[in-house]
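Taken one at a time, structure 1 and structure 2 that follow are two forms of one protein chain, written as structure tokens.
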Structure 1
Amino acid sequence: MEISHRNLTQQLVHELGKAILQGKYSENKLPSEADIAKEYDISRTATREAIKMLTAKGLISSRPRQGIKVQDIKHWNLFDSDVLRWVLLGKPDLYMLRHFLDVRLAIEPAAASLAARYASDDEIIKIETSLSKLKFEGSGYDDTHQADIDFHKSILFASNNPFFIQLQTFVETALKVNLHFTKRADAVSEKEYQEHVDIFNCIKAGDEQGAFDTAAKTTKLTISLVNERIAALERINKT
């Protein structure tokens, strides 16, 4: 196999990352460095650097004489956006989507609550801007969903907590990948828009509990929808 030009190491990281997450390597054992280098027709140096990057992300480990092994999932840095993308691309299933939604349910109400307490005027304006883009009728599907993503990101940013801020890319990556598979024809509905407005109003008013509750309500609704789909799927599998 060959990979395109420009940053061979980065390319290989991506190729191997995807391959690992697709379960391409049986028994969690990768080929030796030399074999990988040969397979992708690049030097062992570049190969080793790619291996090191994947090691840093917790995906693999390598020891002399033992070779390169895939680590247990509990070591994977799932909050690394690369890893997350590979996971979601590798197994785009409803269960993983629910797991992810459960994290959002933990994160986003908390972030909204913190935003209600700490957001600066600029940060409030940022949230409001993406909210207005969400409403704008003439915009296309992609723009609307980018505005949706920006809305969530700006709330995380406004939390003024570096951990939540770091989760911006986490949420963005997951939302984008999920759109691949749950793409709906309609744009954001009026009801959804109203919920976003409610969240914003609570944040602007400094109502921490209200921001928490309204944000939780929105996410919970999505979760119940996914749970229904999972339940339906399981009924089909049983028969």
Structure 2
Amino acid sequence: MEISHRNLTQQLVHELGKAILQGKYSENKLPSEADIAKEYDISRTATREAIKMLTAKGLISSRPRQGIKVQDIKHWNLFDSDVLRWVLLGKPDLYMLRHFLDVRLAIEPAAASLAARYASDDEIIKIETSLSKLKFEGSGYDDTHQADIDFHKSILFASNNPFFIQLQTFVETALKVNLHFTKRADAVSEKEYQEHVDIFNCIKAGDEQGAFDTAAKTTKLTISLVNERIAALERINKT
């Protein structure tokens, strides 16, 4: 097991969580606590604590005489920062991408509308700074994708809704999963940049409905494209 700043229990949680999301356990069943302790050269006490932590995150269930089993994804705490990190390290598929997009569609337009109502001058400046960086990177400089992430996260923060603010890690992961499928290495296009400008202009003008509609527009289009890819994949699998 790789050396880390984490204590032994935290490191084992990370290793097992990553392995679960990568589908490394056949029949969705983990080895026994004794076998895990032996494999990772760690004490049974630390192993037991790691199993409890993964159970709390919803990834596994551990019961006497039933062993340790991977839970269905509907039981996972997908807003947990560790679980989101493991999603990126694992094998997110098109269905996972669509799940992320569906939640983004529920979150981000509402957050943009709230930002149009409640954002302070400093928060408007922060959104504009991210937008300016996105334009600068649109010329081929720096990390375009991080600028895009910062833009969306700054809108969540400007909503002044504590629930939306705490979803910043979720939205960041969703954007990275999207990049995983598009495999983009280039800067944003002029059209994409303009879509971001439209969202910002509505927020700055205090146009709540406009902010909602413009923030929803691109995500809806992406969902349509993903649905088309899923439908094509399912047609292939049926043949």
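Residues are numbered by position in structure 1's sequence, first residue being 1. Just so it is clear, the model here is predicted, and its values are computed rather than measured. Superpose the two forms; the largest set of C-alphas matching within 1.5 Å is the rigid core.
Chemist: Do you think the form predicted together with the DNA is shown as structure 1, or as structure 2?
Modeler: Between the two, the form predicted together with the DNA is shown as structure 1, not structure 2.
Chemist: Would you say whether residue 43 is displaced between the two structures, judging by a C-alpha shift of 2 Å or more on the superposed rigid core?
Modeler: Shift of 2 Å or more: yes.
Chemist: For residue 66, state whether the C-alpha moves by 2 Å or more between the two structures after rigid core superposition.
Modeler: After core superposition, the displacement of the residue 66 C-alpha between the two structures reaches the 2 Å mark, so yes.
Chemist: With both forms fit on the core, has residue 206 moved 2 Å or more by CA between the two structures?
Modeler: No, its C-alpha moves less than 2 Å.
Chemist: Can you give the C-alpha shift of residue 31 between the two structures in Å, rounded to one decimal, after superposing the rigid core?
Modeler: Here residue 31 registers a C-alpha shift of 4.8 Å.
Chemist: Core-aligned, what's the Cα displacement of residue 75 between the two structures in Å?
Modeler: That residue's C-alpha sits 3.9 Å away in the other form.
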